[in-house]
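What follows is one chain in structure tokens, specifically the form predicted alone.
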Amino acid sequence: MKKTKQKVNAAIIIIGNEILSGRTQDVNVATISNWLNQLGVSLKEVRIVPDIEKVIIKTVKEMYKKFTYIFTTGGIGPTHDDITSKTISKAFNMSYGYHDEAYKLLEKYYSKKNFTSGRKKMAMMPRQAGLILNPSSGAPGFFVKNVYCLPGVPSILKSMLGGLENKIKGGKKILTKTISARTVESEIAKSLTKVQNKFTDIDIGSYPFFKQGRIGVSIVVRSTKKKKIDDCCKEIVSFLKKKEINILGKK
């Protein structure tokens, strides 16, 4: 019997009251999603949860069996409300404490004299965890099973993703093409549905925008197969021209 290739997918758990309160705007989802696309991993779900232990544990336990990879952001810093490390330990019944390798890395980074209790806290995590090295600020992230725990600071998170590429096994690179047009969704909805019904294995999305005082729609086509994307886009361009809709650009 021929084995079907399992699709590689992922989910993100954003941890932090500051995101839910609106004080901080999340940009990490876009960074991780774009990175995963390059690796051939499809992001399927994103959840935002508060800094509450039982909520984090429940969410992690529910999601780690459902997806190939889970990425958490936030809650691994030095303050009292950074509880992700301890919570992940509890979720997987792992011993929590100073991680030997992480402790040595941070002690060297800060020097013994400046290695304060707050900084030492960033070396506390599941003792069995693997480390995600941090080229920006020294404090490592960590991973257990298929759960990868990253910081919430966008610039630091982005700098750490490169070190994960040899740990994430994806599929074919997910390609994207965008057609922007001066129209509204209601004007193209029927035609776009026909194209989607014809190309059932292509992901087609339409996204309204408002630019320079005028409205428009960006049609985004996603697939691992370039020829199918090209064929699909040809049909989209064809119906736009028939409707005499101004095409603003393709990329």
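These numbers come from a predicted model, not from an experiment. When you see a residue number, it is the position in the sequence shown, counting from 1.
A second form of this protein, the form predicted in complex with another copy of the chain, is not displayed here; the remarks below concern that form.
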Q. Applying a 4.5 Å heavy atom distance criterion, does K65 contact another copy of the chain in the predicted bound form?
A. no
Q: Would you check, heavy atoms only and a 4.5 Å threshold, whether I19 touches another copy of the chain in the predicted bound form?
A: yes
Q: Look up in the predicted bound form whether G163 has a non-hydrogen atom within 4.5 angstroms of another copy of the chain, and give yes or no.
A: no
Q. Might K225 be said to contact another copy of the chain in the predicted bound form, defining contact as any heavy atom within 4.5 Å?
A. no
Q. Can you say which of 71-79, 97-105, 165-173, 138-146 gets within 4.5 Å of another copy of the chain in the predicted bound form, counting heavy atoms only?
A. 71-79
Q) Any chance all of I48, V184 and Y207 sit within 4.5 Å of another copy of the chain in the predicted bound form, going by non-hydrogen atoms? A) yes
(Q) Where, within 187-226, is there a heavy atom within 4.5 Å of another copy of the chain in the predicted bound form? Residue list please. (A) A189, K190, L192, T193, Q196, D203, I204, G205, S206, Y207, P208, F210, S218, V220, R222
